[in-house]
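Only one chain comes next, encoded as structure tokens, the form predicted on its own.
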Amino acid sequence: MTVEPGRRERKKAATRQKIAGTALRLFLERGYDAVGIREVAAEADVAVTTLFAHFASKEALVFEQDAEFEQRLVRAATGRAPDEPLVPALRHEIRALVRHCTAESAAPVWQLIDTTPALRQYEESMRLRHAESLAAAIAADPGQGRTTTACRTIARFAIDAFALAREAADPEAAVDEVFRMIEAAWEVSGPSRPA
């Protein structure tokens, strides 16, 4: 059962979305480096402190759904049915994220990211953080019985599948291709056995 967010949470979410939308519009219009934090705050009609209450950095403004994506990946590992295998659950979620990020409307944002060194660096650190969160979620599942290294490896592979698929001519086929390799690696890693 999901609980509807209260008025305060809805207002915070709307403010956050307004700030991110304003920032993205300005970045796309004038270029990321040409727009300052104060301009974004003024255009969004919020104080700079309010902006920083919602976003830890200028780069984070472009990746407004960062935390949601991370939570979705963790839920793919932890929220599946007891008899549902891990790898297909991850493939399903990565496919959904790839569909979202390869929609035609996302192309200008990815072009901005790909041509801005600070955003490329932020995206890379974000992917590493997502991989560590996913690895921790996988490792916490007592039914997996894999080493920490195996859990971290599979998590990194899954996150890399997203990045590779986003750049492919056929993103969904790329997800399937990469996940065939991930499935094989997961099987080979097998549950660890006591010596």
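For clarity, every value in this text was computed on a predicted model and none was experimentally measured. Just count from 1 along the sequence shown to find any residue number. Think of the rigid core as the biggest set of C-alphas that the two forms share within 1.5 Å after superposition.
There is another form of the same protein, the form predicted in complex with the DNA; it is not shown, and what comes next is about it.
Colleague: Do residue 47 and the DNA come within 4.5 Å of each other in the predicted complex, heavy atoms counted?
Modeller: Within the cut-off, so yes.
Colleague: Does the DNA get within 4.5 angstroms of any non-hydrogen atom of residue 191 in the predicted complex?
Modeller: Output for residue 191 is no: heavy atoms all beyond 4.5 Å of the DNA.
Colleague: Please check if residue 65 has a heavy atom lying within 4.5 Å of any heavy atom of the DNA in the predicted complex.
Modeller: Because no heavy atom of residue 65 falls inside 4.5 Å of the DNA in the predicted complex, the answer is no.
Colleague: Is the gap between residue 150 and the DNA in the predicted complex 4.5 Å or less for some heavy atom pair?
Modeller: It does not: once the DNA is placed as it appears in the predicted complex, residue 150 has no heavy atom within 4.5 Å of it.
Colleague: Just one stretch in 47 to 55, 65 to 73, 139 to 147, 165 to 173 has heavy atoms within 4.5 Å of the DNA in the predicted complex, so which one is it?
Modeller: Flagged stretch: 47 to 55.
Colleague: Is it the case that 86, 121 and 129 all touch the DNA in the predicted complex, with a non-hydrogen atom of each within 4.5 angstroms?
Modeller: No residue of the spot touches the DNA in the predicted complex.
Colleague: Within 28 to 44, which residues come within 4.5 Å of the DNA in the predicted complex, counting heavy atoms only?
Modeller: 35, 36, 37, 38, in sequence order.
Colleague: Would you say whether residue 19 is displaced between this form and the one not shown, judging by a C-alpha shift of 2 Å or more on the superposed rigid core?
Modeller: Residue 19 C-alpha, core-superposed: shift of 2 Å or more.
Colleague: I want to check residue 67: does it shift between this form and the one not shown by 2 Å or more at the Cα, with the core superposed?
Modeller: Comparing forms between this form and the one not shown, the residue 67 CA shifts below 2 Å.
Colleague: Using the core for the fit, does the CA position of residue 154 change by 2 Å or more between this form and the one not shown?
Modeller: Moves: no, less than 2 Å.
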